[in-house]
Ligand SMILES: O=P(O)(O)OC[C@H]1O[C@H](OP(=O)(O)OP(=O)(O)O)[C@H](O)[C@@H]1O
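Quick heads-up: it's one chain on its own, the form predicted alone, in structure tokens.
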């Protein structure tokens, strides 16, 4: 069986399980379950702390896993990213009191507090900066107020929490993170079970981004219409019983569907419908 690590809690957990469910895999009904066997799909799921997933996958104990890019890099484990999953996005930034420093090049001799000590240590080394790193679990905003550090490094969404603590974001982002699928470094690229898993997950990503659009239009307007709905390879165009009319079917980006429907209507298209896509293979 393919052995897959899945986050058991936190912001990664529910979206990962939802995506796996959409991909046709069984998921646990009781959050206390730590192992779930999906015999029909020949997969065994292990529900682990998100921070530990890269360690298990990197050691070869598990084949692949879902975790955050930030957690993968922070772990230092011999594992690599093989697919982006498009959820749990975040930006990792430095912050400090106004006037302390402008960017990472000015951190020399200072102390940086963070929950991602491996990631920050590597970033400082990459920039040739000699600074100390203090590891803290949980919120790090108070580290500066309590004199533990002059700089903090943390996940930033709106920056409101930092501003409320009297801090400002400085320098360029350390990292832009999101949920990813990982495997051990050096693992074979042609494992058929892994490739099937990735195809299923890719199918979910595409299904979420597109809808199927159907409409009827006069033959003389087909070229302009299909220019609006080119599909992935080409739209399907079928003659209707009513002479001079054709039916067109095409995949279109869901975010643009309403605009495209308006433009098609202006061209003379009628019976314009959109349908959600639950799964696909490209």
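Residue numbers count along the first chain shown, from 1. Since the structure is predicted, the reported quantities are computational estimates derived from the model, not experimental observations.
Absent from the display: the form predicted in complex with this ligand. The rest refers to it.
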When you measure heavy atoms, are 141, 157 and 161 every one within 4.5 angstroms of this ligand in the predicted bound form? yes
Want to guess which of 102-110, 77-85, 148-156, 120-128 is within 4.5 Å of this ligand in the predicted bound form, heavy atoms only? 148-156
